[in-house]
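Shown here is one chain on its own, the form predicted alone, set out as structure tokens.
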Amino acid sequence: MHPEKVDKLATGIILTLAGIVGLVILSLLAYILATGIPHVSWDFLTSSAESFRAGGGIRDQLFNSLYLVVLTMIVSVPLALCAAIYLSEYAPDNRWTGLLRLAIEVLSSLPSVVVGLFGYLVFVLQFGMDFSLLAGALALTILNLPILTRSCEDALRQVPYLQRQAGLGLGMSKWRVTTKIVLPAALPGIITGAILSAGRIFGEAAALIYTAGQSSPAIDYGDWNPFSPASFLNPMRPAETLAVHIWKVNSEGLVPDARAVSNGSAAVLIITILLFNLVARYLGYLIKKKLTK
């Protein structure tokens, strides 16, 4: 067969398969949104489970999910950034560095339920954190760290090596070149990777069942003391997230309108993750545009 015909045939097969995958994903998203959005209302978003209809609202679960993402990013971003700087700028290219990157890859492929069990044994039982937001955040850090480290390292490696040579040629130290030249240039990619990873952990459930818990006690949104047991800022309180709430409502069978509550919660979850992705790309575009002026 002529090479041009083979090329056209291969291109057609690849485009067809890609179109099928895209169609399946879009159909799934459309189904979730179509079945869930009719059940979403302002009361559903701003009421607690005890104060709104049979299945309750998702105010507390939505806040818990967002707060958990913030706690996780506070812990994981500095660790991932330091690891990425070491691997990209300082680590020698030898067998030990290769083993370190292999360990990161293996850690990124761990099932979330395994990380949840590890978090339960270590953070909940061994460290005495009980079921809490902090234990959940530490478990999610284990899940998030490999992916965030790799995205930060890729962003740093995309900075042209000539910029590093220019800084070193002007007499700057390697650390100063890294912090004053490389990091600002890689900032759009780092921010994009961080927000995308935040969207991923926002929908995590399995790891949180064993660490953050499946209950959400009454929260006082007027109590700004993070050491108060009922404060919404207290990281040591148990907290049911939105993804765990969807699993719990469907698995227990105690809520009369479980289908409506789970469909509405799933729609809110999908929309929030989509917003994470859109915001990440928009912020990355704005920062890159500002730095390249």
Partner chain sequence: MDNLRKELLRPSAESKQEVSGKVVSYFAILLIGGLVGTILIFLTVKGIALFTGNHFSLREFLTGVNWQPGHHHFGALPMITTSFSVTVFSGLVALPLALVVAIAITEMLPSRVYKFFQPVIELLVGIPSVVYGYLGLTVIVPQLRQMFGGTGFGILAATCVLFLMILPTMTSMTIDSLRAVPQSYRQASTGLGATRWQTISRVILPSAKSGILTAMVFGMARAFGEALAVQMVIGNTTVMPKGVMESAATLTSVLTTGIGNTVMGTAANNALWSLALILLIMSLAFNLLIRLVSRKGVR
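Positions refer to the first chain, counted from 1. Keep in mind that what you see is a predicted model, and the values were worked out from it rather than measured.
Form predicted together with its partner chain: not shown, discussed below.
Of the candidate stretches 64-72, 38-46, 243-251, 226-234, only 243-251 has residues with heavy atoms within 4.5 Å of its partner chain in the model of the complex.
Using a 4.5 angstroms heavy atom cutoff to its partner chain in the model of the complex, all of I14, E105 and L121 count as contacting.
The shortest heavy atom separation between L286 and its partner chain in the model of the complex exceeds 4.5 Å.
When contacts are judged by a 4.5 Å heavy atom cut-off, I273 counts as touching its partner chain in the model of the complex. A residue is said to contact a partner when one of its heavy atoms sits within 4.5 Å of a partner heavy atom; V159 fails this definition for its partner chain in the model of the complex, lying far away.
For the chain shown alone, S215 is not a contact residue for its partner chain in the model of the complex, no non-hydrogen atom being within 4.5 angstroms. Looking at 106-135, the residues that come within 4.5 Å of its partner chain in the model of the complex, counting any heavy atom, are V106, L107, S109, L110, P111, V113, V114, L117, F118, Y120, L121, V122, L125, Q126.
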